[in-house]
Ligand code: BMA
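The chain below stands alone, shown as structure tokens; this is the form predicted alone.
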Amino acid sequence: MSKVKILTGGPLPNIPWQDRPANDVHDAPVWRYSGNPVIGRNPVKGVARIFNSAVVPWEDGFAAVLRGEQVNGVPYIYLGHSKDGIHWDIEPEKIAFVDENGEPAMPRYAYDPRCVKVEDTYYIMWCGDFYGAAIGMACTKDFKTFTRMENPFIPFNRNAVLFPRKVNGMFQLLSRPSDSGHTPFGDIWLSQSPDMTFWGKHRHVMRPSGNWWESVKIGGGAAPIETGEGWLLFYPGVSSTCSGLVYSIGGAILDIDEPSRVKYRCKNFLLTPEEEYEERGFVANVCFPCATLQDTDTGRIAIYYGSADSVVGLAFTQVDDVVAYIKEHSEVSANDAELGNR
């Protein structure tokens, strides 16, 4: 039984899990699944690569919304199912989105999806074309019918992810305002909505820090996990090197009632590209978190992350250990700690 309580979700006895290897000498308490990648290249006909994808518990197993890079280079969202969260059956046709009348409503392209259950509905967010790079959104209750919703923002924006419950009666959404290219900047922002249609009360959460691994840009990552210490957030941090950008995974804890306030922010990365499938691929040196699974009984957390824009990796941690590590190595700026509403 963990000391730090995970407060949303519930028991997940079938969470994919592998104990930390005895010879693991990494500083942070996050370790990789020895069988990585869990989704490799050319997973179904017409799709060259799946990466940056989201997983949720569903029925007696798991469902996934997957970024599938078609062989023509256009990304779409595909659906996967798994009994154990490791071995996946992927549907060969991309998700057929419809409008509120049941008519086809396919985005021109869609990538980097997240999937979050709020109350009785699963919401899917992605980056797509809304006359420029912007956030698309859809909902489902059965993983059979996927209904498009209003785009929450005008261009340019990416990396959207919902909180798993309302805070102060409002839906909460993290995102990263950006431009239409490979943004050389990026902060995390919080936006709020009473109805998932109209978004406002925008608050700045945090910006890139002086730490080398997140000095260029950061963004919304996996859905925040509600704990007794606050909202635990795994997010991507990007640095610039003479060989290009490097994407690592960082950790922070947000205030439970005012999630635009950062309580703790780890100055060290939790995971950075080291393995061949992370360092070598279509885009080298990428670890990009899009989803977690968590078990409230044991405190176990499984992290799904895109690797080198080519495959899907899986890593593990315990809530007690990762929260303690973030707090021990915390470095919070005045911008982080304030409400974010100047």
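Start at 1 and count along the sequence shown; that's the residue number. Computed from a predicted model, the values in this text were never measured in an experiment.
Heads up, the form predicted in complex with the ligand isn't pictured, but that's what we're talking about next.
Residue heavy atoms within 4.5 Å of the ligand in the predicted complex occur in exactly one stretch of 271-279, 285-293, 311-319, 35-43, and that stretch is 285-293. Taking Trp231, Tyr78, Tyr247, Tyr235 one by one, only a single residue has any non-hydrogen atom within 4.5 Å of the ligand in the predicted complex, and it is Tyr247. For the options Arg148, Lys94, Lys217, Arg261, the one in contact with the ligand in the predicted complex, meaning a heavy atom within 4.5 Å, is Lys217.
Heavy atoms of Arg49 never reach within 4.5 Å of the ligand in the predicted complex, leaving it off the interface. Of the heavy atoms in Tyr122, none are within 4.5 Å of the ligand in the predicted complex.
Put simply, Tyr111 is close to the ligand in the predicted complex: some heavy atom of it is within 4.5 Å.
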